[in-house]
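Only one chain is given next, in C-alpha cells, and it is the form predicted on its own.
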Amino acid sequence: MTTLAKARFSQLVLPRLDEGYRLARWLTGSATDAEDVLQDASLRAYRAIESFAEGNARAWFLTIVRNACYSWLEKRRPGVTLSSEVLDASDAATLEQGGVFAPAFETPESLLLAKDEAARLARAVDALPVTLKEALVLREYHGLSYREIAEVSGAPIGTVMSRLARARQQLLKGLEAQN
C-alpha cells in the first residue's frame, strides 16, 4: 500500500470509526461483536481505499460497515427475519405527538426516569429486525438522509422510507409491550 493510500485511509476512514462502531453495535446488539465487525470493516476499507473515487466517504465507509455486519450476522445468526405490521390509530397518534421523545429533564428524579426511558428505547430498538434497525439507526442516530441511507444499504429510497415507517411502527409496539 502506498503512502498516499495510507494518508487517504487516515483522512477518510479513521475519523468515522466511532460512527462505524455505533452502527455495528446497533446491528449486532453487542459491543464485543461490534468491535470484531468494525475491525473487519476497517480492513475491508483499508484494502479498498485506492479504488474509492471522490464522493461521500461517510456513506462509503458505513456501507462497508453495514456489509461487514450482514456478513457477520449471516455466519453467526442465520434466520434473522423481517416482519411487517400495520400501525394502529393509537400508535399513529402517539407518533404524531412525539410521544416517546420527551423534552429534556432537569430534576434528579426526572433524569433517572429519562435514563430508564432511554434503556427501554434501546431494548425496543435492539428487538427490531436487522434491516429495520439499520434504517432507523442510520436515520435517527447518525442523521443520514434517505438518499444516504439508500446509498449505504443499497436499497431504493422508497424501500428506505418503507423500512423506516415499519421500524417506527414496530418500535412503538415494542415500547407499548414493555409497559
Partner chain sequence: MTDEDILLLNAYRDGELSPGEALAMERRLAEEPELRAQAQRLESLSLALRGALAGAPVPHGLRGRIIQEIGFRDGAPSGRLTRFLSPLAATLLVGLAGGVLLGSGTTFLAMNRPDAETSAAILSAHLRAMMAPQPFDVASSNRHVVKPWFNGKTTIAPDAVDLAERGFPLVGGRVDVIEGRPAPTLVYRRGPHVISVTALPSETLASLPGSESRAGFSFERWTVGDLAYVAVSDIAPADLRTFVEAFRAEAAPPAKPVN
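Residue numbers count along the first chain shown, from 1. All values derive from a computational prediction rather than experimental measurement.
Separately, the form predicted in complex with its partner chain exists; it is not shown, and the next lines address it.
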With the partner left out here, if you bring back its partner chain in the predicted bound form, are A48, W60 and R66 all within 4.5 Å of it by some heavy atom?
no
4.5 Å heavy atom contact, T28 to its partner chain in the predicted bound form:
no
Can you check whether E140 is within 4.5 Å of its partner chain in the predicted bound form, heavy atom basis?
yes
Hey, in the predicted bound form, does L38 get a heavy atom within 4.5 angstroms of its partner chain?
yes
If you check in the predicted bound form, is A150 within 4.5 Å of its partner chain, heavy atoms only?
no
Taking its partner chain as it sits in the predicted bound form, which residues of 15-30 have a non-hydrogen atom within 4.5 Å of it? Please list them.
P15, R16, L17, D18, E19, Y21, R22, R25, W26
